[in-house]
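Shown below, as structure tokens, is a lone chain in the form predicted on its own; questions about how it binds or moves come after it.
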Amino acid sequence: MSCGQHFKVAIIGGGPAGIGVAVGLAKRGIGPVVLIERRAEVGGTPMGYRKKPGGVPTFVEWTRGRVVFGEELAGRMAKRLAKTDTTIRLSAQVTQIDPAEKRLTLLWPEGVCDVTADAVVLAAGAREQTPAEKGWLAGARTARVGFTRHITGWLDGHGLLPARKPVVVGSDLIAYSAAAKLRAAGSDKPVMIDRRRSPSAGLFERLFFRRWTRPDWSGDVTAAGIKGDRSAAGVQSSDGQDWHGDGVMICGELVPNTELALLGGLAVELPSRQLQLARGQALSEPGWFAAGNVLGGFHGAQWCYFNGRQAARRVANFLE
């Protein structure tokens, strides 16, 4: 990819939503298209959940009616992408955008490069809230304090158990998934705490993960802090209740990755960081669209893929 190259469509993000956009555009004969992904492979977060004996499948593949490992689901999506003529740029980070000119500034292994497009799709996904964003959890980020994505790296990337006695902060589907993965890897029964009175994960989701774990639940925690100076030693509430452990995993409650939109001046609601949509999946600037979890809320990988396909249709209508 040469600097100054122009594309019909540029897609920011190579996860399920970005792949869905690229596949949808290819089926409509729209090109050239470039997909920009900051990781070294496409597939996004699901690709990091490797299939292995004794592992925990956590991704619902609705079209096949089963629960699979993220690597399986994302791998099938990546194969569809490989059949298109999409230009794929890996290990490339979009550092700046110009919404009016539809110009993207990329930092990638060959240096800094600008590209332009007739339309741009933001498919950058979402991330978990930090303790400060949660508003009820204080304390330093010491050793053995991590997010769900770190659990995958520790377990699958390095074969390490991050905590023998984990304290899981959060109670949604992501938190139960993290607790199950830790238990399956050899941890003791996890402790789960949240400010909610009852877990936010649905009954069916909790029943599914009972195969691996039934966390010790504590709800209605209004204020708490992470204990430990150099390494996490658990969590203590403002009323003195202690949850001892040797690792704290902060899970769930996703926030859209809308930093680029904010920097570029696209309309974003604060403090929720939700993109303001003009109509459908179109953003405040003509020719800009969004797909997947960057739209806000939490959705599974296959939903994000089909939402990307839907965004491709909207982009095609714009380009006509």
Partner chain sequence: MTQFGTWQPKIRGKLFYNWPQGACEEALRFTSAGQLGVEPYDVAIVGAGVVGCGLAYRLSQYDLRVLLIDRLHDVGEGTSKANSALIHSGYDAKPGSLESKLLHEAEADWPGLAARLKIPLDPIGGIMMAVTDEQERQLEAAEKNAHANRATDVRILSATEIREREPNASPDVRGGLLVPGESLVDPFMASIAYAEIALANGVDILLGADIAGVELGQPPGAPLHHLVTADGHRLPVRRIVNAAGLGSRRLADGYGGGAFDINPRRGQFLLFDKSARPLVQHILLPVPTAHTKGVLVAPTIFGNLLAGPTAEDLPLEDPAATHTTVEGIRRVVEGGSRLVDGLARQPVIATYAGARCACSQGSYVIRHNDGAPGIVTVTGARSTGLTASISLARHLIDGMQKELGLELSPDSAALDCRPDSAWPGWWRRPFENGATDARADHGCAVCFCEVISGGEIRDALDSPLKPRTMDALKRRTRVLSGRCQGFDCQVPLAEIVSGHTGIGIAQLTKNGPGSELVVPGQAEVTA
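Since this is a predicted model, take the numbers as computed values, not measurements. Residue numbers count along the first chain shown, from 1.
There is another form of the same protein, the form predicted in complex with its partner chain; it is not shown, and what comes next is about it.
- With the partner left out here, its partner chain still marks one of 81-89, 201-209, 109-117, 68-76 in the model of the complex; by a 4.5 Å heavy atom cut-off that stretch is 109-117.
- Scanning Lys189, Arg196, Arg141, His244 against its partner chain in the model of the complex with a 4.5 Å heavy atom cut-off leaves one residue, Arg141.
- This chain lacks the partner; the member of Ala126, Leu173, Val221, Ala233 within 4.5 angstroms of its partner chain in the model of the complex by a non-hydrogen atom is Ala126.
- Contact between Arg214 and its partner chain in the model of the complex is not found at the 4.5 Å heavy atom cutoff.
- Remark: Glu133 counts among the residues lining its partner chain in the model of the complex, judged by a heavy atom distance of 4.5 Å or less.
- Contact annotation: Pro271 falls within 4.5 Å of its partner chain in the model of the complex, judged by heavy atom distances.
- Although the partner is absent here, Ala184 is not a contact residue: none of its heavy atoms lies within 4.5 angstroms of its partner chain in the model of the complex.
- Residues of 142-173 lying near its partner chain in the model of the complex, listed in sequence order, are Thr142, Ala143, Arg144, Phe147, Arg149, His150, Gly153, Trp154, Asp156, Gly157, His158, Gly159, Leu160, Leu161, Pro162, Ala163, Arg164, the criterion being any heavy atom within 4.5 Å.
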